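A lone chain, given as structure tokens: the form predicted alone.
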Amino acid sequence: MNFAYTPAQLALAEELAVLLGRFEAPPKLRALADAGIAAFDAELWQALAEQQWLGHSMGPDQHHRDLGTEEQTLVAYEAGRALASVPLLATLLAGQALNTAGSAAYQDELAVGALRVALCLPPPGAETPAVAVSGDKASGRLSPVADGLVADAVLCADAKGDAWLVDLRRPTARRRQLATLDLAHTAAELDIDSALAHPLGPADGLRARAAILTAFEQLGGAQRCLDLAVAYAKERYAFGQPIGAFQAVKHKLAALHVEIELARANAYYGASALTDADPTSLSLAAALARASATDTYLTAAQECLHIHGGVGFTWACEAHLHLRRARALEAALGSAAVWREGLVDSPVLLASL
């Protein structure tokens, strides 16, 4: 595997990072939580639409950027690093799935930000949560659905393993907010009754793509945790020197850096497999990327909080926001243990033994 981003791709990621930096998430997340309002940054969403970030998986035209798989991984990374409280990844996934299925449905709405999509796919080997589809109508209960309170559609699957984009804008879906740790993406329970459903093909490939993009989001969050911890270790003094000078702290930070780089290598393998579109290596790469990034983000968030000491447990500190997000992403799409089970029978790994 020879995978590396081009200077143009890195410049694009920097452009997105600048945009996300204009809408700093932590103060808004704390304010929304204090007010009891579902997390969603409408101003950021509008800015993303105006700068054509939402339709870039559907090819170039007057509403879209011509961005491919590698660029999508960079978008996911920056979104995770910024704790962006918008359904960006699920909306990009829906656009990619429609494009792959050769469907023009919803594409203009996705590109201009008029269709916000939530994601609720069952873990590998599981049949729930899922909807029952008859004709072009879907019914059933989906829970938990991140961003389910603000979504216009949900990308989900039926028990047969087919993926669907279910339109929630008709009065055919009841939403109930769930109490969860994550302050960046409020979760909901959706009761769907005869909602319009659009076919997207088999869910397995879509789940693998979702897992790899989520791994990049987790990687971005982990890197942000390390950066926060290093910055605090340099400015916090104890016994006349920065706490980063003590072995107990600097060795912990060095170990975390190594773990993040290992997770980054697995995520890059996933991005390479997505680009090659090889179903066999894609399932292996998705499992490796997903399991590695899940463990790493959780470890990074915990260590960041620990290095901040008592400050890390305060409402004003950003560290706990990442720990909450890491816990939420740990449960989405199945746990790291579930994805590791898929590695046991991988034909690629067995052939290499």
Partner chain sequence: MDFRDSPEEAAFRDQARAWLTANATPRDPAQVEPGVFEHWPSAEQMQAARAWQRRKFDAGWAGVFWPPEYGGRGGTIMQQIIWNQEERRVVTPPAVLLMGQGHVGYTLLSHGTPEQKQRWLPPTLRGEYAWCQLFSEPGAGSDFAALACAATREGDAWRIRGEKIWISDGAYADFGFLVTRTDPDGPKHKGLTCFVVDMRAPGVSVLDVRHPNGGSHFSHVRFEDLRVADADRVGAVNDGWRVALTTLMYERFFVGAWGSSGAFGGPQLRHLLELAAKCERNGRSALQDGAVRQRLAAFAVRAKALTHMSYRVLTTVSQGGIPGPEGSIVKMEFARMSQEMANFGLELMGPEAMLAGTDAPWDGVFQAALLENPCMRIAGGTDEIQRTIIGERLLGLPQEQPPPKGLPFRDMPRGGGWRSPLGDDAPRRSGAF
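None of the values given here were measured: they were computed from a predicted structure. Residue numbers count along the first chain shown, from 1.
One more form of this protein, predicted together with the partner chain, exists but is not displayed; see below.
Look at the stretches 103 to 111, 167 to 175, 144 to 152, 272 to 280 and give the one with heavy atoms within 4.5 Å of the partner chain in the predicted bound form. Only one stretch qualifies here: 272 to 280.
Which residue, 210, 131, 98, 233, has a heavy atom that falls within 4.5 Å of the partner chain in the predicted bound form? Checked against the cut-off, the match is 233.
Interface residue in the predicted bound form among 115, 226, 195, 82, criterion: non-hydrogen atom within 4.5 angstroms of the partner chain: Looking at 115, 226, 195, 82 one by one, just 226 meets the 4.5 Å heavy-atom criterion.
Is residue 14 close to the partner chain in the predicted bound form, meaning a heavy atom pair under 4.5 Å apart or at it? It does not: once the partner chain is placed as it appears in the predicted bound form, residue 14 has no heavy atom within 4.5 Å of it.
Tell me, yes or no, whether residue 298 is in contact with the partner chain in the predicted bound form, where a contact means a heavy atom of each within 4.5 Å. Because no heavy atom of residue 298 falls inside 4.5 Å of the partner chain in the predicted bound form, the answer is no.
Please determine whether residue 294 contacts the partner chain in the predicted bound form, using a 4.5 Å cut-off between heavy atoms. No, residue 294 is distant from the partner.
Is residue 137 close to the partner chain in the predicted bound form, meaning a heavy atom pair under 4.5 Å apart or at it? Contact check for residue 137: no, nothing within 4.5 Å of the partner chain in the predicted bound form.
Could you list which residues of 4 to 36 come within 4.5 Å of the partner chain in the predicted bound form, counting heavy atoms only? The stretch touches the partner through 4, 5, 27, 30, 33, 34.
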